[in-house]
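The chain that follows stands alone, in the form predicted on its own, written as structure tokens.
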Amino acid sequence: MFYLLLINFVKEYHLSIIIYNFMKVIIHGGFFSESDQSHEVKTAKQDSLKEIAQKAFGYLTTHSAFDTVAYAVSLLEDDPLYNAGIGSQIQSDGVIRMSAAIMNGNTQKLSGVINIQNVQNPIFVAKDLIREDDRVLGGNGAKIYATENGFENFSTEIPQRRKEYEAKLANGGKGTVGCVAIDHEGKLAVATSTGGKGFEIPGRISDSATVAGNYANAFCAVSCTGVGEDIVSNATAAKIVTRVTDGMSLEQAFSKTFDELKTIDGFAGAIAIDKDGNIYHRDSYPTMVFASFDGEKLEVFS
């Protein structure tokens, strides 16, 4: 009897280790430019990403990958260091418009908002839309939906962004935030959010709420950042996921897709996790800011 109990304990303990090690999360926060941003900003982003990655993993231990990516992206949206949520860029008419999307790799459902205004966390509006038949809403329709579903009016403008707008500086415009996670059941999910590139024509649509910038299935999940037009032209996220689904490794899928991006001199970065828990990231121009955590190993951009 003692040996039977011991065997069961070992089996359960071993299983818990496997489950614990299977869970992983990786986040990105756009790009860092040594020429445009200070060492203090770099250090602040490294510290912030490490903290958010660890919080996201802690959340993942008791939640699904789908819930976790929304949670992680909301933390990034609430940090003015990044170009999403309260860190969003201002468009050429002086207005902030944000886009966000989330995709459940298990159900292959994507939902999102495009050019929504005056909500604190566009990713949560996007997440709510997953239950609807009409799952991607834009502009005023997205805002009406948000209001009707309990999202309070919230100004995401901060003084720093207004100063940048008035001075036509808009540092760090090539940026978006995102999260990819795999949970203890091996299910994948991805979420991406952006405040635009700054000074764009009102109505411009980024890649973040499209399958070019945010895509997942049962085999792989990818979130992109960079210049939306380049990411859309290259169908970056969808290509990587499709290639992994067709049998390529993550590294091979990234290599081929980023080689194709070079032909248009594309500016992009991407993070990914595959069904086996492999993590990969790459950028076409330095330096995409990212952090990953699996409960033991914490990696952050340098």
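Residues carry their position along the shown sequence, with the first being 1. All of these numbers come straight from a predicted model, not from anything done at the bench.
This next part talks about the form predicted in complex with a small molecule, which is not shown.
Check: Does residue 228 reach the small molecule in the predicted complex if we count a contact as any heavy atom within 4.5 Å?
Finding: Residue 228: contacts the small molecule in the predicted complex.
Next item on the list: Would you check, heavy atoms only and a 4.5 Å threshold, whether residue 187 touches the small molecule in the predicted complex?
Entry: No, residue 187 stays farther than 4.5 Å from the small molecule in the predicted complex.
Note to self: Within 4.5 Å, heavy atoms only: does residue 223 come near the small molecule in the predicted complex?
What the structure shows: Taking the distances in the predicted complex, the answer for residue 223 is no, it never comes within 4.5 Å of the small molecule.
Margin query: I'd like to check something about residue 208: if you look in the predicted complex, is any of its heavy atoms closer than or equal to 4.5 Å to a heavy atom of the small molecule?
Written below: Residue 208 belongs to the contact set for the small molecule.
Check: Residues in which of 120-128, 189-197, 158-166, 145-153 have heavy atoms within 4.5 Å of the small molecule in the predicted complex?
Finding: In the other structure, the partner sits against 189-197.
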